[in-house]
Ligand SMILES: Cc1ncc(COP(=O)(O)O)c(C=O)c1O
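A single chain, nothing else alongside it, follows as structure tokens in the form predicted on its own.
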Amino acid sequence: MKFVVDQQVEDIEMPENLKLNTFLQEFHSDCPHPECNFGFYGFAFGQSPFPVPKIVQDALIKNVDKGAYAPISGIPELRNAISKYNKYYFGMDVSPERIHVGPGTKELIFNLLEILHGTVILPTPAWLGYLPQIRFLKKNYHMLPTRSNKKISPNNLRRLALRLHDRQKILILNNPNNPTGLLYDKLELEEISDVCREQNITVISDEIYAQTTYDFSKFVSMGKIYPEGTFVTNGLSKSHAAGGYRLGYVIFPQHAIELKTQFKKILATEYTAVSTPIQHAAVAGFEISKDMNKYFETTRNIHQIMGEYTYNALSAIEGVVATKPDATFYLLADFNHYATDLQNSEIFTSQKLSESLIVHPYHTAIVGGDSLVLERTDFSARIAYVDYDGSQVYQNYLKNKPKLSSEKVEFVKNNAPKVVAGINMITNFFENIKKSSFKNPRTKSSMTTSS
């Protein structure tokens, strides 16, 4: 019997992160060089390496007997805890009635895009998960390329919005940002919110990396700046190193009463409710405690040490420009200085650059620019600096906290050797590309002929 797949699904490509994961697994199993049985240097996957907080683990164990369905929008204890969490950490006075719990922020963003009519504005570079969702839902969308500083220009946002004729426009704001690691400060958010009010732009503010902000006093939620027009999403995956728990939440804008019924209808239809034991475990994670404060402080300090090292090491490569992260565990590295050399080596796209870096002898995994909604010929890449044993590094940090710059460098070298070795491999790759290009330059005529 032959099964026919719906054309809408047929047209959707495999998400870039899963496609890359499949490619890496196949490559690793096929590599014939025994000295490379360690696998690869992993800069591609954005997953916090730290253990799930002990109090969250204990709460899950304690609540494994909770087998009943939970309320659609989340158990009252969890919504109350999330309300207090947002008041304590983010200064937002949010009633539990404005909070809806879902199986991860990815799903909740998808649900919001389902119910909100209008054209989506997607700033680029962007997290690789937004565009596939937008396309799957057949939403109208427009890219909003960011400025040279990789942040949204309010003037450019206004110009784009004026060209769009939908009554409602939807801006996806990712702050702190994946893939750049950059943070929008209060003034920048106020300037963006001014345009949003003027142009009737609804904001979906993906703040999943909020707790990773290195100087936490600098984080401001868009929900605080533009409360009447912002949906704020957050969850356990990055701050609590619990991506596998699949629990996120969305805070609805003030006075969005008419949307609640529609949203609950979507949630009930698609997944009924989030796993009840997981919700009870999450209560412990969102409750204010000394244990969680220590966990957040420790993990963000380690992320900052790793980020500073990665930024400095990549910036030391001739011609490479990198974003200096304020948060997250990513930065964006711009390798376009080597565009001609790469083309002379038959590397014409960012996807081909990613493939060239993963093969022997480099064994280095990155996420190329085309996956980040950049032009296919843009040789930029997201670098995730989390390829280390998070449990061991967490303990080592607590035993001996590095303070001086030299101590921090030694901390990275001793605790994240694959991060150090991987950056060395990237350095070697571009040195070899430059040498190869110098020896075998492709003339303009030969490039034209071959194409």
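This is a predicted model, so every value here is computed, not measured. Numbering starts at 1 and follows the sequence shown.
If you look for the form predicted together with this ligand, you will not find it shown, but the lines that follow are about it.
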item: Output flag, Tyr89, Phe219 and Arg300 jointly within 4.5 Å of this ligand in the model of the complex, heavy atom basis; value: no
item: Interface residue in the model of the complex among Ser73, Thr364, Ser239, Asn174, criterion: non-hydrogen atom within 4.5 angstroms of this ligand; value: Asn174
item: Answer option from Lys352, Arg246, Lys150, Lys224, heavy atom within 4.5 Å of this ligand in the model of the complex; value: Arg246
item: Contact test in the model of the complex: Lys106 vs this ligand, heavy atoms, 4.5 Å; value: yes
item: Residue contact check: Ile208 to this ligand in the model of the complex, 4.5 Å heavy atom; value: yes
item: In the model of the complex, Tyr330 touching this ligand (heavy atom, 4.5 Å); value: yes
item: Touches this ligand in the model of the complex: Tyr130 (any heavy atom, 4.5 Å); value: yes
item: Stretch in contact in the model of the complex with this ligand, which is absent here, among 230 to 238, 341 to 349, 262 to 270, 80 to 88 (heavy atoms within 4.5 Å); value: 230 to 238
item: Contacts with this ligand in the model of the complex - residues in 39 to 73 whose heavy atoms fall within 4.5 Å; value: Gly46
